[in-house]
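Coming up is one lone chain in structure tokens, specifically the form predicted alone.
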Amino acid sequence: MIWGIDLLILLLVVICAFATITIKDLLSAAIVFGVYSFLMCLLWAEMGAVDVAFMEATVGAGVSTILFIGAILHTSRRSKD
């Protein structure tokens, strides 16, 4: 394993996780969550678990993000903030 790349991806994963729970806009949070899932996919692939990385890419970064964005776009805001 390449420790520098692992640590960089892990740092970005932690930043995305923190950003996802602190962002007020739901659409932005869903997109950052998709980035989080993609970074986890890279981490799994770099560790050698290619089958887990493939499932994370398709389900986590792909389908889940699309479903989140679709659900958010079907909701309406109560206030104008």
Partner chain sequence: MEDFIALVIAKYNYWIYVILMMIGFYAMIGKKNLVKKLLGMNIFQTAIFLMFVSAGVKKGGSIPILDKYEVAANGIKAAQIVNPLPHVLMLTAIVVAVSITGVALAIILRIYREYGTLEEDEIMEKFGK
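Source: prediction; values computed, not measured. Numbering follows the first chain given and starts at 1.
There is also a form predicted in complex with the partner chain; it is not shown, and the following applies to it.
The partner chain in the model of the complex is not approached by residue 38, whose heavy atoms all lie more than 4.5 angstroms from it. Heavy atoms of residue 43 reach within 4.5 Å of the partner chain in the model of the complex, making it an interface residue.
Contacts of stretch 37-62 with the partner chain in the model of the complex, defined by any heavy atom lying within 4.5 Å, are made by 40, 43, 44, 47, 48, 49, 50, 51, 52, 55, 56, 59, listed in sequence order.
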